[in-house]
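Taking the form predicted on its own, here's one chain by itself in structure tokens.
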Amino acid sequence: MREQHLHALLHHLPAGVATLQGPDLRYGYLNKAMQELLGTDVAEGQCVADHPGVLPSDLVDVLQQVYHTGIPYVAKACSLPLPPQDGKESVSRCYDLVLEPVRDDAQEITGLVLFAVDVTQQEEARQRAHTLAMETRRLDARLRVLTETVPQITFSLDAEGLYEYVSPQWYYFTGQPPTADLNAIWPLLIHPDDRLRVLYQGDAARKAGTGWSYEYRLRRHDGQYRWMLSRALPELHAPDRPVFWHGALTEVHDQRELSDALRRGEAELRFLADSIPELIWTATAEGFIDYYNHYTGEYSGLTKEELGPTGWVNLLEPRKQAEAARQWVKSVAMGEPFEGLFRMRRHDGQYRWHIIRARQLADERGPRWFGACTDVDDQHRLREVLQVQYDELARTNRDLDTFVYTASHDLKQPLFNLRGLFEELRRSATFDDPEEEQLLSMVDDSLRQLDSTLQELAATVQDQRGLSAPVEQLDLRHIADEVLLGLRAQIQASDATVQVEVADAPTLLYGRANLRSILHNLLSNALKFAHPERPPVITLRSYLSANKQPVLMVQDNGLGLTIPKTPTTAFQPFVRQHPQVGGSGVGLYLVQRILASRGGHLEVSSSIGEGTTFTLHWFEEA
């Protein structure tokens, strides 16, 4: 009964059990699990050597050795191919095979017991654990390479604050030997002013189980203290408290100094802005004002909160606020500079003229607006007064020009009468005076001089009125040819040579009447003041200066001029250097006036008896 019960237990045991009897190791008993493992071809009474089933041949040899030596043997995780079932392919599973000798009462070996325990799941788990361990070692090696190549100091420490690991960069930075005691030397390398704070913050973070981020100064190998950023996070394994912290030290010394410099610069700029007696303000990219300087509050009598994001607009005259707001919104939307002249209300209720300007600055922080409201009320009122005075002066000048022009014309008729009487007297009367011819010649010269002076006065007034003539693009050669055509008689009479070289700067943006008057006066003077011993040679050349401004040069080989050494106006009206030559002395004065009115100036170089060079700078050099 007991034997049947034992057989029933063995039959349903999940591990395979087989008895091998006799020296040839014949199958004696096979439970269900072993039968399924070995296959249906294996039956009781068969020899293992002849019918091994799925057992490998080397295991059969081991069976014989165990039988003869009587030493048990365990084969761990043997891979055995299972017999195919239901047309499926054969699969392999792992078994622990236990070989145990069976002895009789005389301790003689009569057979073996073979146990087969399926350990496939355990083996797969072991393989996965092995693979995971290999991958962990590989990742650990990669992480170590990364931490030792990045330009940072990495470290790990436990809950007591003792360092478990530090990357080689720490030794490079501090100059400490690898044998140095980290826990003893590290606190000593912290700046004395930062040491207690750093130790306290580290202890507090570890007790709270949190990370930290703070800056402190660490001594470098050269003895210089450098600002470092220390950041660490705990290694969490919930629900247990963290026992390790991993972090990095990053040198931020240059950034810290730059940040300090920026803060100092910003403070200095704000101090400067508060010291300027102007309304200074800044605005966001959307155009809302976020800063007013101190003077803005003094001028308006309002606080920054009362001024609000559109404060300066509210200070304008009510009828101008909408117009200014639209202009400001357009400038913000287009990113264009803002500028306008408006009256702004002061704290006492008085409105004063201000020029309001704003420019946009775009950098890595995004666009921002910077503006200023400059009080120009005094200048504006002065400009109004000056405008009134200028209008009165211009009216007086016009009246004077009209008077001179009228007087010159009104004096012509008496001059004509005098000349007629003189001609009649010269024709009909005789004088018994040896100096008669000389006296008559002197009277004739005086009449001609008076006539010339009246004509020059009239021409001067005409040219003076033309100073404000509109400008146009003029062809210099064409204007020069017109002037030379009018002077053709003088040119032919003096056998003069006139060279016109305008290829380098052929055109000029100028008043036509002004340019014709300038060329006529300079060329006629060159002909009039020619040297009596040689024919005149006159050169008119137009070119561009180094600053690309047009310049005209008129050069002659005439009598020459005496140039004053003092930097005063070179030519005054009715002043003549060669009285023996006819003229009124207003030509060069008029040239000088025309140039000055157009923003230019005249340069003169001359040598007595050799000639004169006039250089006309049409516009002032930039």
Partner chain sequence: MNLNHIVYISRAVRPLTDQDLHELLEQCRRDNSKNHITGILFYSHGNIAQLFEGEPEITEALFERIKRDGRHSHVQKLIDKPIDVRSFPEWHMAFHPLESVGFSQLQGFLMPDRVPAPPDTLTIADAMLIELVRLAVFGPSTEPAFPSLPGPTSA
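Being a predicted model, the structure only gives us computed values, none of them experimental. Residue numbers count along the first chain shown, from 1.
Absent from the display: the form predicted together with its partner chain. The rest refers to it.
- Among residues of the shown chain, W312 is one whose heavy atoms approach its partner chain to within 4.5 Å in the predicted complex.
- Although the partner is absent from this view, M334 contacts its partner chain in the predicted complex, with a non-hydrogen atom inside 4.5 angstroms.
- Residue contact with its partner chain in the predicted complex: L139 places no heavy atom within 4.5 Å of it.
- Among residues of the shown chain, Q387 is not one whose heavy atoms approach its partner chain to within 4.5 Å in the predicted complex.
- The candidate stretches are 303-311, 535-543, 67-75, 517-525, and the one lying within 4.5 Å of its partner chain in the predicted complex by heavy atoms is 303-311.
- When you look in the predicted complex, the only residue of H221, R326, R195, R103 with a non-hydrogen atom within 4.5 Å of its partner chain is R326.
- Though its partner chain is absent from this view, in the predicted complex it lies within 4.5 Å of a heavy atom of just one residue from P178, G349, P470, P318, which is P318.
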